[in-house]
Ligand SMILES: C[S@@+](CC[C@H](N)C(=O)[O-])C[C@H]1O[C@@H](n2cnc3c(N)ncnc32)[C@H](O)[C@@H]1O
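Heads up, the chain below is alone and in the form predicted on its own; it's given as structure tokens.
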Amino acid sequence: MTELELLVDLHRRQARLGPGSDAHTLLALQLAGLSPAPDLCVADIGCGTGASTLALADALHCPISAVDFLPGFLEELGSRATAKGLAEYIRPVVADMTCLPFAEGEFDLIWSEGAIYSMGFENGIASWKSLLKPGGVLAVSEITWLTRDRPKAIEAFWSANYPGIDTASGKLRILESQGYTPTGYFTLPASCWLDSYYRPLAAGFDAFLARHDNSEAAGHIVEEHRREQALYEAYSDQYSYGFYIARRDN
């Protein structure tokens, strides 16, 4: 199996593919100021297996275009939506977030939790802006520094893995420079990382390794995830996901 196939196999069984929670998805939705309405048009970009998609569908009762480039994740979302009685609201779209098959001004709300880093925060919000109606809402979570001064170890890790990491003030300036008006911001607490993501993921490592005959490639993936968790536990006061909510300027 390729590394990507191994990663999909590891993650598709998890409730969440990254830090977050239904409660914090709903908090961001509250800050977005949208009420349930069947004529709302919503896209969840980089939705993975759909934890945020399902929370939005349950809250808004409107069609949601659930976008991911991995069909296996969308298949898992479809199964979960059916089990929750929400399938009627979910429109799966297999697409790369850098080349989306949507019309200009199509959406009232564009959502993306923990995924915009794939194309970079500034590139993402600039690219997706045209898909929003004037006054439409963007809600994204993005890795964010919580302090100005950081230990060298964690600075080096994120500089290598995502040079676009910045403080909230830096991200808010980018939003404004790209024609958005920020309307809300908060950071995800440690429970969203440990209880919702890292610990459930770690609980599946042994089964994952067994499925792949304890291969070197599978072992490498597990060790990388363990290292990432250890770094978070050591430096959780230095960074988290920030949730940014903003309106497209008219």
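Residue numbers run from 1 along the displayed sequence. The structure presented is a predicted model; accordingly, all values stated were derived computationally and were not measured.
Below: the form predicted together with the named molecule, not depicted.
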| query | finding |
| --- | --- |
| Heavy atom of Ala55 within 4.5 Å of the named molecule in the predicted bound form | no |
| Partner proximity in the predicted bound form: Glu113 to the named molecule, non-hydrogen atom cutoff 4.5 Å | yes |
| The named molecule contact at Cys47 in the predicted bound form, heavy atom, 4.5 Å | yes |
| Contact of Phe121 with the named molecule in the predicted bound form (heavy atom, 4.5 Å) | no |
| Contact at Val42, Glu88 and Asp108 by the named molecule in the predicted bound form, all three, heavy atom at most 4.5 Å | no |
| Stretch in contact, per heavy atom within 4.5 angstroms of the named molecule in the predicted bound form, of 146-154, 169-177, 129-137, 88-96 | 88-96 |
| Among the candidates Cys192, Leu34, Ile221, Leu70, the residue which, in the predicted bound form, approaches the named molecule to within 4.5 Å (heavy atoms) | Leu70 |
